[in-house]
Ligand code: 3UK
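To begin, one chain is listed below as structure tokens, in the form predicted alone.
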């Protein structure tokens, strides 16, 4: 993708125009390229053209400027997936304000933490979240000078924007200026604000969206993962905007029924999900027969996709799921499978523009086939964590990023996930991947989801135990437990089988679908 603001040079080097503000190539460019009448967004509120998108962004920029939110100040956003998310996010960037979209499924105590931690000057929220946002505002010692609802009664973003000019000249910036933040999921502690730069969305959109995934102008992109999530932001906003394509938004909770309904109604060509949702959709496909004929490709991230889910999905739908690994800190996917090169159960190969090394506990690079800490480098990685120098030092190591994941690379250059580094088990003195055990158990037709953790036995030695969610209508019994044990012992090395099975209705997860194994390790027997 070449345009007047970003040039791709030999060797896939990106060159940015002087005064570069990332809103120019993602928003303003489309009018200059004659795309004004094309639909940019489709959702329950109706269709928004690129001309309407540009006008909405400019009106929001004028609102923020008029209300006195200054350059470099933060705008905390608890906003559902809707056109106003685009307007506020890009409008803030155009005026030099730093948008901070946050998880819309959190509780008041989490929001109170983020309000205080971010020291936000403004807070924008969809009225659906008032029951959690308003108590958070009352509880936080930091008081934003501007609080706005997106819509509803009184002074709202929509009401103010309707009176604002639809013209706004983006402030001059540079590729390495701070642009927006994303809070990490906080799966093992308080969320951390990852500070991203103006260039970061260009890097992910070019190297992954265009070069790896092949997003085209005629694509219609539907992401079940939400816009506040780094994965969803790329899928549902930056990739379609970069390609001049169309984004489809679902403002409610993604379920098998709601996602199938969106696919049938809006006919997306690219569908982005997470492993948990693909598993639930597979269960729904036992009795539902949605029309998925518009979809040419499916993508998964958020957590590693088990090979069994890949196999079942392809068998039932005829569609391939391209799995990859990304992170909030890297902004999007940096290792991915491809249509012309994939291995079920792997995360794929390196995305162009990124490098990786795998290190042992002594920071030495491991041989092919051996597991270790995955460390990556790329131009989209966050600059630092806001107000958290200790975590910054542990994660952002000069140009390299410690992912916190354990991986090995095979002889063909494919990367295989072994679990979070703090989830790895040492059984009988040998490192063991919980993900391998989980993938084996998922091969059983009665198993829907599973998480494996380590727990000390009577001799205080760590042994694997499995927490299992069964498919609808299946009841646990001794025969099923024996069946699962036989499967594990037949498929894996003898020491890896779970010593205990817990059958539960659901597994603890972050809002982005990642299993919180640390919570299972602390459950009382």
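Numbering follows the first chain given and starts at 1. Note that the structure is predicted; figures quoted are calculated from it, not measured.
One more form of this protein should be noted, the form predicted in complex with the named molecule, which is absent from this view; the next part is about it.
> Could you tell me if residue 420 has a non-hydrogen atom within 4.5 Å of the named molecule in the model of the complex?
Flag for residue 420 set to yes.
> Against the named molecule in the model of the complex, would residue 329 count as a contact residue? Criterion: heavy atoms within 4.5 Å.
Although the named molecule is absent here, residue 329 would touch it in the model of the complex, with heavy atoms inside 4.5 Å.
> Is there any non-hydrogen atom of residue 502 lying within 4.5 Å of the named molecule in the model of the complex?
Although the named molecule is absent here, residue 502 would stay clear of it in the model of the complex, with no heavy atoms inside 4.5 Å.
> For residue 231, is any heavy atom within 4.5 Å of the named molecule in the model of the complex, or not?
Yes.
> I need to confirm a contact call. Of 126, 381, 238, 403, which residue comes within 4.5 Å of the named molecule in the model of the complex, counting heavy atoms only?
Flagged contact: 403.
> To verify the annotation, which of these, 298, 304, 150, 425, has a non-hydrogen atom within 4.5 Å of the named molecule in the model of the complex?
Only one option qualifies, and that one is 304.
> 162-170, 308-316, 281-289, 331-339: which one contacts the named molecule in the model of the complex at 4.5 Å, heavy atom to heavy atom?
Of the stretches listed, the one contacting the partner is 331-339.
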